Ligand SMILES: Cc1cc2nc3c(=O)[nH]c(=O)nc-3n(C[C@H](O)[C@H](O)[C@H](O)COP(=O)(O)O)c2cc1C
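First, one chain by itself in structure tokens, the form predicted alone.
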Amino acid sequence: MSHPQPAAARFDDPVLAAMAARRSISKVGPQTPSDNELLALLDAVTPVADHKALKPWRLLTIRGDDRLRLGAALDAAAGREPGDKPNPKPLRAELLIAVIASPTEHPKVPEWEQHATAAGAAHLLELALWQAGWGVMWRTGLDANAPAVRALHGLDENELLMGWLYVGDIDPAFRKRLETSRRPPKDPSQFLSTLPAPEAVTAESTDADDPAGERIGQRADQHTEEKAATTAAKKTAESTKAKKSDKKAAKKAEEQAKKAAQKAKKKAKKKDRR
């Protein structure tokens, strides 16, 4: 029975091998890279795709008691009273790296594109740390951009906290299991395709929105429907008017018949008296 190769063995190139082997490590050890080591690794991150070279990202290192401050801010954001024990979440690693998107207003680079650059830088740093032998877990959370958490990180109004990289060493036994893992990779074909066929594009563009925000086909149908509704309304009004006119004429004829009958009756009484 054949087994798939471990991720690292599928590529001869060490960079591609590291990329294929990368995993998020939820439980990291107490050893961490120094700030100088981080700066050295960032040399491999700064070439991230960055339209107009706006540099719309920055990082903050969180170590030691600063992790307790983060825990208190998370408690405040969640409306929890501070207890005897600190919030354990920021204590799952000795080093947290906050990833901050810091966009600059630019007529040709929308904010979402600058957020994408910040996310790209974070992932490149993950890969660089992995290749350097460190374990990383990118964590976020619903309270990441709550006022108390934003204030702790000193964020400007336009900045976005994209989460934290939890960094530490990897247990040797766990690393060995990772290196020998035969878990098959995700099928790449599900992520790669080509442009839709011309006829599909034509059909899609037929239903596309016009500048006024209305669909062309729908607008034509709507006009036809409105015209038909108007015609039907006119016919109904005319029919109603005719019915009312008929009723009025019938009532008038009935009244005239009654008057004629009354006159005839009076004449007959006069003859009887004679």
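A residue's number is simply how far along the shown sequence it sits, counting from 1. Treat the numbers as computed from the prediction; the structure is a model and nothing was measured.
Omitted from view is the form predicted in complex with the ligand, to which the following refers.
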Any non-hydrogen atom of F174 within 4.5 angstroms of the ligand in the predicted complex: no
Mark T140 yes when one of its heavy atoms lies within 4.5 Å of a heavy atom of the ligand in the predicted complex, and no otherwise. yes
Indicate whether M162 is a 4.5 Å heavy atom neighbour of the ligand in the predicted complex. yes
Even though the partner isn't displayed, in the predicted complex is R183 close enough to the ligand, meaning a heavy atom within 4.5 Å? yes
Out of the stretches listed (51-59, 37-45, 65-73, 23-31), which one is close to the ligand in the predicted complex, meaning heavy atoms within 4.5 Å? 23-31
